[in-house]
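This document starts with one chain, in the form predicted on its own, laid out as structure tokens.
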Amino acid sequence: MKTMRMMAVAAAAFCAAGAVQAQEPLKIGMITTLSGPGGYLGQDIRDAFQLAIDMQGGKLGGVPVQVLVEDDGLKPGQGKQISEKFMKTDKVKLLTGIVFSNVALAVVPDVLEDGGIYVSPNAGPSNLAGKECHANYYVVSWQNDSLHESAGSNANNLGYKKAFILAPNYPAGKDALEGFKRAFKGEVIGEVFTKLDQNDFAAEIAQIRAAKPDFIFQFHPGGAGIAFLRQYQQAGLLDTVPMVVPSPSMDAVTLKAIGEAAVGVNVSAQWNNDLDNAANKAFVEAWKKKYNDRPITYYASQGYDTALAIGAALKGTGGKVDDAKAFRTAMLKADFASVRGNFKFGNNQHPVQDWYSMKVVKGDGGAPIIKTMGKISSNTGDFYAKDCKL
């Protein structure tokens, strides 16, 4: 009898321990840029990702989660060290958060080689979209080139013929110019690579003035984009040489910094805060309630959607990430309501989505806003998907 009682107590203790263990949150490792001129990009991704968790009561897809966040400082080596710590010390299998493609290319291949799963809320370098695609690599934002192809198509629709184009000399910058040129049907009369995080563009602006293009296309995310626009406006070119840009060059933070001088800038993106769908309205309302002192950016929308995509996959696997095949099956269903509207994964696990033309205009109160003007394309994938053999 005593033996049976002891066995019952042991069984009860075992079950209780199992219940406690079952309630332990799933760790998600977030490597992102939180410092320097581009620090707000990672901050918005981080905060919107967490906002999605908070709106679900500390869970994603019904699964309790804990996000471990580290700043890569826009340094590839630092990002790599963080990923190794997450996977080897913290035993994290699911990672996300990287903003810049040079950091992603230093981190993601090792994560995948070590059996991890990576879900990108921003960087989508061309290298990993085609022949080097991977079953454990997903991109929720866009493939880098697609963002700039939309700007090239927007320039065509606006009737421009001669372009001067600029971007930083790093993987995403190279993808930017290639993507733009792939879609633009006119003539590129000037092409310049700037330095990553450059803040003085006097030489480049002089080249633009001398070339006399119909318009310029420039890709400079974060603080570099704000610096470029300020100097371009101060040089008196914003009124004479129009600008057609992708959303990283004119997000809500950039607009707030530039103000009325940005009125007239043409933008293309897959998301804007005025998109009329229920998921977007709920997201915008929740962001304004929690972060009323900060404008909402497309980086935030991507961080939020990334959390929802992961949540949908976790719901499908019951919170398990050890079975990568089961996670992939659930992930690729994209069973969530995206804030951008139409969304699905292509065969290379990058988005197939709609692209919109936008413009900086004066709002009802007189302050400049980014207004959606129309649709550039629908259900659009990326150039490299054809080379992916998953």
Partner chain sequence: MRKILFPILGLALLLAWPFVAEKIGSPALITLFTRMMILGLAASALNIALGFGGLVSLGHAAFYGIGAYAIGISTTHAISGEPFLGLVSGSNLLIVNVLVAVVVSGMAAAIIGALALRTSGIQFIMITLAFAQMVFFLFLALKAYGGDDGLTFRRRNALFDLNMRDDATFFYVTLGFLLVWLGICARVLHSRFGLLLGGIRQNERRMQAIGVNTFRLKWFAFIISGMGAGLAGALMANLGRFVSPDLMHWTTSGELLIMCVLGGSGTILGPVLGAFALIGLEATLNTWTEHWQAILGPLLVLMVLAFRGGLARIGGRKP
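Numbering follows the first chain given and starts at 1. Please read these numbers as outputs of a predicted model, since none were measured by experiment.
One more form of this protein, predicted together with the partner chain, exists but is not displayed; see below.
Visitor: How about Asp274 - does it come within 4.5 Å of the partner chain in the predicted bound form, if we only consider non-hydrogen atoms?
Guide: Because no heavy atom of Asp274 falls inside 4.5 Å of the partner chain in the predicted bound form, the answer is no.
Visitor: Any chance Lys85 has a heavy atom within 4.5 Å of the partner chain in the predicted bound form?
Guide: It does: once the partner chain is placed as it appears in the predicted bound form, Lys85 has a heavy atom within 4.5 Å of it.
Visitor: Should Glu70 be classed as touching the partner chain in the predicted bound form when contacts are defined as heavy atoms within 4.5 Å?
Guide: Looking in the predicted bound form, residue contacts with the partner chain include Glu70, since a heavy atom lies within 4.5 Å.
Visitor: Against the partner chain in the predicted bound form, would Asn157 count as a contact residue? Criterion: heavy atoms within 4.5 Å.
Guide: Residue-level check for Asn157: no, no contact with the partner chain.
Visitor: Specify the contacting stretch among 312 to 320, 278 to 286, 263 to 271, 105 to 113, defined as having any heavy atom within 4.5 Å of the partner chain in the predicted bound form.
Guide: Stretch with heavy atoms near the partner: 105 to 113.
Visitor: Counting only non-hydrogen atoms and a 4.5 Å threshold, tell me whether Asp305, Thr380 and Phe383 all contact the partner chain in the predicted bound form.
Guide: Zero of three within 4.5 Å in the predicted bound form.
Visitor: Which residue, Pro213, Gly130, Pro171, Pro242, has a heavy atom that falls within 4.5 Å of the partner chain in the predicted bound form?
Guide: Answer to the contact question: Pro171.
Visitor: Between Leu34, Ala52, Val63, Ala334, only one gets a heavy atom within 4.5 angstroms of the partner chain in the predicted bound form; which residue is that?
Guide: When the partner chain is considered in the predicted bound form, the option within 4.5 Å is Leu34.
Visitor: What residues of 51 to 79, in sequence order, lie within 4.5 Å of the partner chain in the predicted bound form by heavy atom?
Guide: Stretch hits, in order: Glu70, Asp71, Leu74, Lys75, Pro76, Gly77, Gln78.
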